[in-house]
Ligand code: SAH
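Okay, here we've got a single chain as structure tokens, the form predicted on its own, with questions on binding and movement later.
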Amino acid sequence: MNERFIESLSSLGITLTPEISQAFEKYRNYLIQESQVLNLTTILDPEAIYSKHFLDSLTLSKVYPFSNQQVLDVGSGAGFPAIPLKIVFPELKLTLIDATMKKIEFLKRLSERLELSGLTFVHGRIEEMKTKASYDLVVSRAVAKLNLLSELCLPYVKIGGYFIAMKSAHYEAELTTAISAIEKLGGNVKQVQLVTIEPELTRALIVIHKTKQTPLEYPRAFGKIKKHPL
């Protein structure tokens, strides 16, 4: 296993037990295998998967104290950040949503291989979900511009909960454009945490606290969100 991965987990306060190590190894191997036929990831180097997928996902623990919360991962894709978080914090109650059925089917097979429980899989578009204001935390990794993403995610956060957008280090202009939308949707930017994952990869974690109820008309249909962003 990647030594830097082990050291980085330690710096996050995460102890790599044999069970956790085995789960990540199974995940990596299955991801590489399935990516030969499914469009899951372009990163196929075994060591790069540990840093650019697994460690990247777990950097969320720098800004959020995970325990037994209800968490929604929007645009889960190949399972990032949800599955690495579930491996390390098994008490989490996770809902993973993705618009591509093949990816949802992959995630179901993966969870069976890793013997994970407490996961709910949803095939569909986030703006069509009915469970508004139901989650302690909503997370999304590089799905859309922040002003659009805020409308898709904040309606599903409980008052007092958080939405964390995982963005690149060049987040400033995107955040500036999104501030008014975030406030209109009941959110307040609490902090932006920059995390260096490897020399050429820095992640910006934009932490948004939901302090007020989102107006009931949001989220709108995605076509409207894209055509007339807040």
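We number the residues from 1 along the sequence you see. These numbers were taken from a predicted model, which means no experiment stands behind them.
The same protein also exists as the form predicted in complex with S-adenosyl-L-homocysteine; that form is not shown, yet it is the one meant from here on.
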Discussion item. Would you classify Glu127 as touching S-adenosyl-L-homocysteine in the predicted bound form, given a 4.5 Å non-hydrogen atom cut-off?
Written reply: yes
Practice prompt. Would you please decide whether Pro84 lies within 4.5 angstroms of S-adenosyl-L-homocysteine in the predicted bound form, comparing each non-hydrogen atom pair?
Written response: no
Item to complete: State yes or no: in the predicted bound form, is some non-hydrogen atom of Ile159 no more than 4.5 angstroms from a non-hydrogen atom of S-adenosyl-L-homocysteine?
Response: no
Worksheet item: Asp98 near S-adenosyl-L-homocysteine in the predicted bound form, any heavy atom under 4.5 Å?
Response: yes
Worksheet item: Based on heavy atom distances of at most 4.5 Å to S-adenosyl-L-homocysteine in the predicted bound form, which listed stretch, 113-121, 85-93, 130-138, 98-106, is the contact stretch?
Response: 98-106
Practice prompt. Could you tell me if all three of Ser8, Phe54 and Leu58 have a heavy atom no more than 4.5 Å from S-adenosyl-L-homocysteine in the predicted bound form?
Written response: no
Discussion item. Going through 67-86, which residues have a heavy atom within 4.5 Å of S-adenosyl-L-homocysteine in the predicted bound form? Please give them in sequence order.
Written reply: Gly75, Ser76, Gly77, Phe80
